[in-house]
Every structure is written in C-alpha cells, then in structure tokens.
Ligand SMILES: CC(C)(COP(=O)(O)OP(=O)(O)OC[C@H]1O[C@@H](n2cnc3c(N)ncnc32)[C@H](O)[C@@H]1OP(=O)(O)O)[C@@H](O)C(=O)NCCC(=O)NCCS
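Read the single chain below, which is given as structure tokens and is the form predicted on its own.
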C-alpha cells in the first residue's frame, strides 16, 4: 500500500518550490489529465504509438498499482499552479532478472529543461536501489534525440538493438557518471535525497 508518507518538499534549481511524492489511488484523475496535456509528439515518444488524449484504464491501473518492491511511480507537483502536475517517473522490476528495473520519465512539454527529469530520475534511482535493484535500464526511439542526449548526459551507457536505443546504469557505481551538467545535477540530488529516502 502506497501512502504520501514519502512526500518531499524540494526546490528546483530555478527556485520553484515543488512536492515530489508517490502516486496514490486518488491521483487517478491527475494522471489522466497530465497525459492529456502532453503534446501528441511527447505521447508518441513515450508510448511509441499514436494514441489519443485519453490514457487507458489498463495503463492507469499499472501506474497506480505500486508495492515498493517491484514498481514505483512518483509525481512532481507544483502546488502554486492551478493544475499542479508537472512530471512523473516510474520503475518496474524485470521479473526475469530481478536485479534489473526499467525506468521511464515524463515531463510536460513546457517544463522540460528545468532539471525536473533529473530530479525524478534521482528519486527512481534511490527507491529502486532501496528495493534491491542493481541495474537500471531505459529505452528510447532512435529519433528521440533530446531524450537520448539527456540519458547519455546522465551517464546511461547505450547501444542500438536494431530497433531502439537501450541505456543502462550500474546503481552501485556513481563513479561512472560523466562530467556533464545533468550528471552533476543527478549526483547532487542523489546526495541530498539518499538520507531522506533510504
């Protein structure tokens, strides 16, 4: 059962106060509306198919059904906004390789390049590591150059599998992070959040 006991009150690098917390069942409408607010291109890059503005019940159930061991989804909220949802991130443990989990991050179009994805990734890193995950994996389409660059800048070691780009991180090896602004932000958030989430 997920509660909001893990609620974090943080400040983005631009000075915006935000709340980062796990999704709960009562967030169902919030998640559906955040999905509707994504551009068609953003939805395609995330779900790899041309979908409409409605997020299906099956995906909503999947995002909201958390157990801290095999799946977590967190949201970043700006309480000063009329619609507070800004971004979210999830990880799912690989049932065939329990040491590995897949991560996904989504930030509303107008809020990208503010460090929100990197903050959410740090939360995913820590919560997955806390659950015993040793390696994180992310997938992106080859044409999604912005996401691929951000993932590389955050230290993801990538390869093309003939269809998509596959990136991996060793959660036990922070020394592998490159000297990029995104990786520096990631390392900083990991240092700040680890005592609060572990």
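Positions refer to the first chain, counted from 1. If you're wondering where the values come from, they're calculated on a predicted model, not measured in any experiment.
Note that the form predicted together with the ligand isn't included here; everything after this is about it.
K.L.:
Between the options 147, 165, 64, 32, which residue brings a heavy atom to within 4.5 Å of the ligand in the predicted complex?
P.N.:
For this set of options, the contacting one is 147.
K.L.:
Heavy atoms within 4.5 Å of the ligand in the predicted complex: which stretch in 67-75, 109-117, 123-131, 93-101 meets that?
P.N.:
Selected range: 109-117.
K.L.:
If you check in the predicted complex, do 21, 136 and 174 all have a non-hydrogen atom within 4.5 Å of the ligand?
P.N.:
Judged in the predicted complex, none of 21, 136 and 174 sits within 4.5 Å of the ligand.
K.L.:
Would residue 59 show up as a contact with the ligand in the predicted complex if we use heavy atoms at 4.5 Å?
P.N.:
Residue 59 lies outside the contact set for the ligand.
K.L.:
Wondering, does residue 181 line up within 4.5 Å of the ligand in the predicted complex on heavy atoms?
P.N.:
Looking in the predicted complex, residue contacts with the ligand include residue 181, since a heavy atom lies within 4.5 Å.
K.L.:
Answer yes if any heavy atom of residue 42 is within 4.5 Å of a heavy atom of the ligand in the predicted complex; otherwise answer no.
P.N.:
It does: once the ligand is placed as it appears in the predicted complex, residue 42 has a heavy atom within 4.5 Å of it.
K.L.:
Does the 4.5 Å heavy atom contact test between residue 27 and the ligand in the predicted complex come out positive?
P.N.:
Residue 27: no contact with the ligand in the predicted complex.
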